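For reference, the chain that follows is the form predicted alone, supplied as structure tokens.
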């Protein structure tokens, strides 16, 4: 398994190279520049800034220089956050985004898996129809619509929870619900479908015929097999939650990595945008690898060599 993991990580290098190249090309072709302010800078100052950050060089030289820096895990200086490097901004913002994403993922699993199991056990009954209707609503409502509604309900009208910012664990409640609701709905539907299929399988019928208790059949034999589709989904889902926190962090004023990314895109902070995109690409690769390894642990029939 270690050899498989090493090969997967080495095989991801061409993917990251393509991602870096596309990010470099797209951000440079966007109109505007990092030093285009409302008040025009004097030509001498702008020329000095261009020279300081090597923006006066041809694009191929800028690309080669940035590629060499990335190979040394140096994402360069930020153009807008003076005296700070992109590495420092990522180190400051990513822990906040990671906590928000981890709590949202935990929220999705804690409520999505039991809801899916309950719907599977009550298939084609009012409980099943009610839970799946709620799941469809959770999938259909975007988080940028759900977040203001939750703020109005829980913070403005009732003053139950803070409406934004960070300061205490209570500040995470509304953002976590807004970010994790859609994921919880997907998990519930996946769990329901997988559990229904597993309960009809031959080995579950055999276990029942042997007289095993229902609790043992469900939690020892059926549940691990039913969770394998959920685990397969959790790799890109976990990465999607962290990258999708861009909107939530902006709405709630959370100083996470997503907020830095939005500000960097608006200000044409080339190195910050490219660094965050590349960092997110690395996260997605690592999450998918961990999920593949966990999948093999849950299903003994799967082996990675």
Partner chain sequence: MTKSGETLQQAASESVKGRSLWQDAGRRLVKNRAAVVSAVILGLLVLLVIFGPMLSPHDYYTQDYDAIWQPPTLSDGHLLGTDSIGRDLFVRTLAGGRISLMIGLVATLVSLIIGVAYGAIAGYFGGKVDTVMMRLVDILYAMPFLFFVILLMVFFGRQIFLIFIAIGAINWLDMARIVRGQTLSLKNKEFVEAARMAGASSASVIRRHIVPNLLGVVAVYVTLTIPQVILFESFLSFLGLGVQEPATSWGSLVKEGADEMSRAPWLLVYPALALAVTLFCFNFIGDGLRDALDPKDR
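Just so it is clear, the model here is predicted, and its values are computed rather than measured. Numbering follows the first chain given and starts at 1.
Just so it is clear, the following notes concern the form predicted in complex with the partner chain, a form of the same protein that is not shown.
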> Does residue 51 reach the partner chain in the predicted complex if we count a contact as any heavy atom within 4.5 Å?
Replying inline: no
> Taking heavy atoms and a 4.5 Å cut-off, does residue 166 contact the partner chain in the predicted complex?
Replying inline: no
>> Quick check on residue 61: any heavy atom within 4.5 Å of the partner chain in the predicted complex?
In response: no
> Does residue 95 reach the partner chain in the predicted complex, with heavy atoms at most 4.5 Å apart?
Replying inline: no
> Considering the partner chain in the predicted complex, which of 151, 89, 218, 115 comes within 4.5 Å of it through any heavy atom?
Replying inline: 151
> What is the one choice in 70, 55, 247, 47 with a heavy atom within 4.5 Å of the partner chain in the predicted complex?
Replying inline: 247
> What stretch, of 96-104, 70-78, 218-226, 131-139, brings heavy atoms to within 4.5 Å of the partner chain in the predicted complex?
Replying inline: 131-139
> Has each of 109, 173 and 184 got a heavy atom lying within 4.5 angstroms of the partner chain in the predicted complex?
Replying inline: no
> What residues in 248-265 sit within 4.5 Å of the partner chain in the predicted complex, counting heavy atoms only?
Replying inline: 250, 251, 261, 265
